[in-house]
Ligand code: ATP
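The data below hold one chain only, encoded as structure tokens and taken in the form predicted on its own.
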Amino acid sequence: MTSLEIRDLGVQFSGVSILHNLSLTVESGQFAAVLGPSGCGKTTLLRSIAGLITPAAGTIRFGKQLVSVSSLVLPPHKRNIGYVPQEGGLFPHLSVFENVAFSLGKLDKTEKAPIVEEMLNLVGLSGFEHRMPQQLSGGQQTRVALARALAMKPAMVLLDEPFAALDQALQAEISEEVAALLKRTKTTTIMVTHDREDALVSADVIALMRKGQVVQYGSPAEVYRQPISADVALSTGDVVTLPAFKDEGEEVTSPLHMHSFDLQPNGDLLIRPEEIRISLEKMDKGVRAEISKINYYGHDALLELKLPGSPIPIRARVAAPLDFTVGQEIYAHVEGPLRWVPRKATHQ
């Protein structure tokens, strides 16, 4: 195990800045997810950690060891890192045994055999030694790639969206299995993904990336409950964004908090749909609304609410069984933390 410390990392391709002033710390044994949209620099960050890219600025440390600085870049084969690329990256002409054994270098076959057997047992593939990659399912190929990465007893494992090619149901199952395995072996792990559910379920900590920088970092609960902007909030789940005004006394005026809709907003109020409570009876803090649309998912539903005098639709999540109908009048109020962010803090 080893910790990871990145400070002020910068990467450029053909004069274009891909990463700039990026800082990130992952403690020894933690499972960290790097979450962000395509093109934000996630894979570039991972390849920089692996030593496959030479940064233009900043430092990377594994524990106390400096592995990357402007005057020094430790080559990939000396970093003791297990790398699992997208779709596994197995050698199609090698058997499962040979794929896993490949990472063990110059050891002879008698020395490799017990290690390969241990790794395949660890990922639940004992007895698959002689199969070829094309004889495996997508989930099994991912497990073989992980076994190959772990066989060398790496100080750190890097996962580059390894479940992206799997169907949704299998993706969730394999992702949970892999995360549990890496945590059980106390392997420091950095996984890049654009799947917010995968990150929330698997990770100990999440780094949210935008335009080559980490804009927010914390536990899954922290980044979900305390987003710094509407754009960042959408990285981890659905969000209702309402224009809101906050006065000097910290009182917030919004379509869901007061009955004044002609306000001049100076910020945004961020609300998770599950924090909007629905009642059939009038309450002191409830705002009258009409259900304009229902998206039913079985275990729950998203109601779209229309507020009198407001053009902004409000989405509220309610648990099954569903007792509401389109056109029904209800009362809505918010039960949750007050997240007011100034407009200038919203990342576009």
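Throughout, we count residues from 1 along the sequence that is shown. Everything numeric in this text was worked out from a predicted model, so none of it was measured.
Form predicted in complex with ligand ATP: not shown, discussed below.
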Problem - Touches ligand ATP in the predicted bound form: E161 (any heavy atom, 4.5 Å) - result: yes
Handout entry: Contact test in the predicted bound form: Q30 vs ligand ATP, heavy atoms, 4.5 Å
Key = no
Practice task
Classify P313 as contacting or not contacting ligand ATP in the predicted bound form by the rule of any non-hydrogen atom within 4.5 angstroms, answering yes or no.
Solution key: no
Problem - in the predicted bound form, A289 touching ligand ATP (heavy atom, 4.5 Å) - result: no
Completion exercise
Here the chain appears without its partner; judged in the predicted bound form, the stretch of 31 to 39, 280 to 288, 57 to 65, 297 to 305 with heavy atoms within 4.5 Å of ligand ATP is 31 to 39
Fill in the blank from the handout: Checking K183, R131, H194, R225 against ligand ATP in the predicted bound form, the residue with a non-hydrogen atom inside 4.5 angstroms turns out to be H194
Completion exercise
The one option of Q86, S95, T241, Q213 with any heavy atom within 4.5 Å of ligand ATP in the predicted bound form is Q86
Exercise for the section: Quick one: name the residues from 42 to 70 with any non-hydrogen atom within 4.5 angstroms of ligand ATP in the predicted bound form. Expected result: K42, T43, T44
